[in-house]
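First, one chain by itself: the form predicted alone, in structure tokens.
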């Protein structure tokens, strides 16, 4: 795709004005980093607050009779139990039990508010359109910002009074600078924070207001990736895909108890069997020795050189000052502390299976 064909978020000009390095991502021209650099942006988010443009993600409103029950036919999450204002992480699955995408579903009272990944947005919307008997409204006229880090609460409370009272995975409607915004206490960094859905026309004003605060810095895709990796959070297309089941991905917690008992979602026979009997492989954390990171696609082997699996996400973890990775290994080798080797540039380097997350989450629970 040429640069001219790339889509732009409502904040594109702001990114360019802030000196961002722009790169193609999921069909959009997106900021990968700003002049401060990925490491500085990463540590700033952990210490104070980072502002992320995630307007490339898909925002969808579903309305109609029994809409939660209808969406449950496509996912293994217990959506019918969601109370107004509550959110749930769930997964679109296929008939083989593989993951088509991961998504967040919120009970907005009169509708379900769904946020899907940018790279899967078009196929997810088509999937819902083809399979759901309800009204599907794609909110193309809204931008989405994520404010993440320890200072996020005090910064946002100053312009959206009441958000401080929210707990993790809750949603509310707030007037921010004269615009109706949907605010969720959520994010994908492991830090406390919020995602703010707003009219696209107000995005620049709200972003600039947040960035005017001394604790807030703009953060690009590079630090977003390293933050979510340290938090042990999956990236679709790397750690998740149509050939990976929720059990293999260590996402059993996303399958509700009632759904385990009743089934009724795509691939239930495969997934429920793996829940009962185990899966052949498992997503785990990997901590390579030394300083050299093990990148995506790096082979994981045992001491005899026999293949155990491969890295699906890997890089340097600024918060722990060392390399971190996630990947899949055979279940027999998935216990925390198991010694393994990662093959970096043709050389087997020592590593070990590690517990996830690498950095403990700082969510504000209710």
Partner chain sequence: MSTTYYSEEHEWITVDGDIGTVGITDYAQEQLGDVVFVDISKVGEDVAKGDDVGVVESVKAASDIYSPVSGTITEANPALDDAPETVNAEAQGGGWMFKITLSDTGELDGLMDADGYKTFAESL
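Just so it is clear, the model here is predicted, and its values are computed rather than measured. Numbering follows the first chain given and starts at 1.
This protein has a second form, the form predicted in complex with the partner chain, left out of what is shown; the following refers to that one.
query = Among the candidate residues 292, 86, 126, 158, which is the single one with a non-hydrogen atom no more than 4.5 Å from the partner chain in the predicted complex?
reply = If I apply the 4.5 Å criterion carefully, the residue I get is 292.
query = in the predicted complex, which of the listed residues (305, 64, 297, 37) lies with a heavy atom within 4.5 Å of the partner chain?
reply = Contact with the partner chain in the predicted complex is made by 37 alone.
key: Contact label in the predicted complex: residue 352 to the partner chain, heavy atom within 4.5 Å   = Residue 352 lies outside the contact set for the partner chain.
query = Is residue 33 a contact residue for the partner chain in the predicted complex, using a 4.5 Å heavy atom cut-off?
reply = Although the partner chain is absent here, residue 33 would touch it in the predicted complex, with heavy atoms inside 4.5 Å.
inquiry  = Under a 4.5 Å heavy atom criterion, is residue 28 part of the interface with the partner chain in the predicted complex?
reply    = Residue-level check for residue 28: no, no contact with the partner chain.
message = residue 12 versus the partner chain, in the predicted complex: is there a non-hydrogen atom within 4.5 Å?
response = Residue 12: no, not in contact with the partner chain in the predicted complex.
query = Want to guess which of 64-72, 51-59, 37-45, 329-337 is within 4.5 Å of the partner chain in the predicted complex, heavy atoms only?
reply = Residues of 37-45 come within 4.5 Å of the partner.
request  = Could you list the residues in 332-356 that come within 4.5 Å of the partner chain in the predicted complex, counting only heavy atoms and keeping sequence order?
outcome  = Residues within 4.5 Å: 345, 347.
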